[in-house]
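Given next are two forms of a protein chain, the same chain in both, each as structure tokens and marked structure 1 or structure 2.
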Structure 1
């Protein structure tokens, strides 16, 4: 064994320690959001604090610095090479902010989240305003610490979607926004609208659960390496690639919540379950970015499970769990209704088409805030104006407008674009898949193994070994292109709304 490989082994051991803290923290998070009894949570917070601190210390330790200095550019092991890159980025992100400043910021975030809840409840933006102002200032300062090439906002974007810049988004987003806005106008004018009321039937929770489990199984989700539980705000969480858990929420009066929610989280989970075992216990053993992750959940939720072919195959199965309720609902009507498009105030209730328009509003505002082009106090008015411009509706209150999302109050600027990127990536991947197989037929046949394997081989297995735009390029042969999403939505809704 050479000296170099001894150092490499030490580094891998060090990464395992880091990964152990992360795995324990993930289990605690899962437990808190599923089964933990109420009174036990207070002390659990201490445990989270302690383990997070240990993890933070490892990431910013002299030992870590030493590994980075000694191994960067010095290793032939590709896993170690990429791990070092991730660790270095993490190290710099943490080290460049003065410790005291970071502490104050974390406290501010915690406080702001609480104030946000109050402001939303009272429908009073002025309560939140001073906090948001400080948060914006901190984020601008941090962005300067971290550095950027062209636009200060890039430094924030980089945390969620490395490689994607403001320049890229400003090229792509307006095109997407205009196309979607136009399509929405056409849809609004259609005289052939689906009737969503036909979906409103009581559907017992246990039956919804059985159907959801069956679909997860058919998607290829491995129940020996995961499980489905109930929660308030559904999520998927990876403890390790062999233990990736999905959660969902049941509304007995609207099956869409659990069914599409489970498939969505199942898409996230398939990504994490199928990351190569060789990346286990390294920082590479997770999805490469928020956007690519979202592309996987949306791929399954929308491009698979909201497709006509999917329901051609699965409607009988679905009805076997609710035979009386859907006895008189025809497949075509069902399919059209689950794809109803309707501009609404709230992002998380948005349909497949209007969702990205909600993101445009947020992206444009947060970019302008960070660039000092607008002021926090003007946000409510600007928000409402953009909603009217892009979606044609004006929020009736700040509660349903600027105050609806927690992201900014939690200090997350630069996060929102990931959602829209996820939609575009998903459509772009889908287009590539159509070149290798008859996707419609595969879905109609319920032959999901083919889809899962294709995603696994082309995307999942790499974990963080490839950056988002590199994956996009390797899989689709081109860079980010909004046209695929526009085409997909135009084709789909032209048929549904008979445009």
Structure 2
């Protein structure tokens, strides 16, 4: 064995050690958000802080620096080459944050998530406010540590969507918003509206769960490598490619919450389950960015599961689990009603058309927070005003307004734009897929394996081997183009509302 291969093997063993801490941390975080008893949460936060500090130490250790120095530009192993690149960026970012400061921040995030649940339950933003103020200060400080070229917010955005900047978003989002607002105006003026009351029947949670499990199975989700559980704020989490868990939230008066939410998280899970095994226990064994990740969840939730073709195939299955009242609901009426466009207070309940407007509200507020243009105490009023400006509705409570998302309480500033980017990516991917197969027929036939395989070959298998914009260019042959999303929504809703 040559010195080079010995060093490479040592590096891979070091990555396995780091991966073991990451897996343990993910398992604890999953438990904290699902079944952990309330009294145990404070000590759980301490454990999360301890493990996070260990990971931070490994990422910034002299040993890691030595691997980077010795292997950078010297290895022919493509996986090690890209792993070194990821580790070097991680090293450079984390080395700028004092270890104790990082531990305190992680513990604050964990505690803040618990307070968020209490504040949401009590409909009281002031409970969360002091924690959020500290989190904003930390994120500003970290952004300064990391550095940026034009806008401090870019340092945070880079964490979730490398290659995309505030400058890009400030050019794309207004154009998208204008197109969506114009289409929304036409829809509001239409006299051919769906009847949403036909969906308002009590739907037992256990029956919703059975239907959701069956759809996940048909999508190709591997239950030998995952599970479905209940939580307050749905998420998917990957411990490794053979243990990717999905959570959902049930509303017995509105099945759409659980059904489409489960499919959404299932899209995330399919991505993680189908990353190449060759990348296991390396920093490449995860999605390349949150935008690409969201493209997969939104692809399945909206472009597949909200399509007429999907329900042509699955409506009878749905009715076998649904209350008897749905027996009298015609397929076409059902399809139009689940695609009703109506401004809503809650992002995860938003329809396809208004969804991105919810994201723009959050993006503009968090960008202003990080730039010091607004203060945390003013968020509820500013949130409500932007909701009224963009969606024409004003939240009547903190629970339906500023407290509905867990992201900020978890310290995830810079995350929200990935939802809108993901939707634009998804429409662009869908357009490319139509060039290779009759997508409508494939969905109508329930042949999801063809869709899953195409996504796996073109996107999933690479993990972080490719950057997000590289994947977009490789798959679609062009850079970000919001027009595909505008075209998709215009075509679909012109038919539904007979514009």
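The term rigid core refers to the maximal set of C-alpha atoms that superpose within 1.5 Å between the two forms. As the structure is a computational prediction, the values presented were derived from the model and not from experiment. Residue numbers count along the first chain shown, from 1.
Fill in: Pair member which, unlike the other, is the form predicted on its own
That would be structure 2, which is the form predicted on its own.
Discussion item. Given a core-based superposition, decide whether the C-alpha of residue 112 shifts by 2 Å or more between structure 1 and structure 2.
Written reply: Yes; residue 112 is a residue whose C-alpha shifts (by 2 Å or more) between structure 1 and structure 2 when the cores are overlaid.
Worksheet item: Just checking, between structure 1 and structure 2 and with the core aligned, does residue 335 shift 2 Å or more at the CA?
Response: Superposed on the core, residue 335 moves its C-alpha less than 2 Å between structure 1 and structure 2.
Practice prompt. For residue 385, decide whether the Cα shift between structure 1 and structure 2 is 2 Å or greater, given a superposition on the rigid core.
Written response: Residue 385 C-alpha, core-superposed: shift of 2 Å or more.
Fill in: Core superposition result - C-alpha of residue 396, shift between structure 1 and structure 2, Å
For residue 396, the alpha-carbon shift amounts to 6.3 Å.
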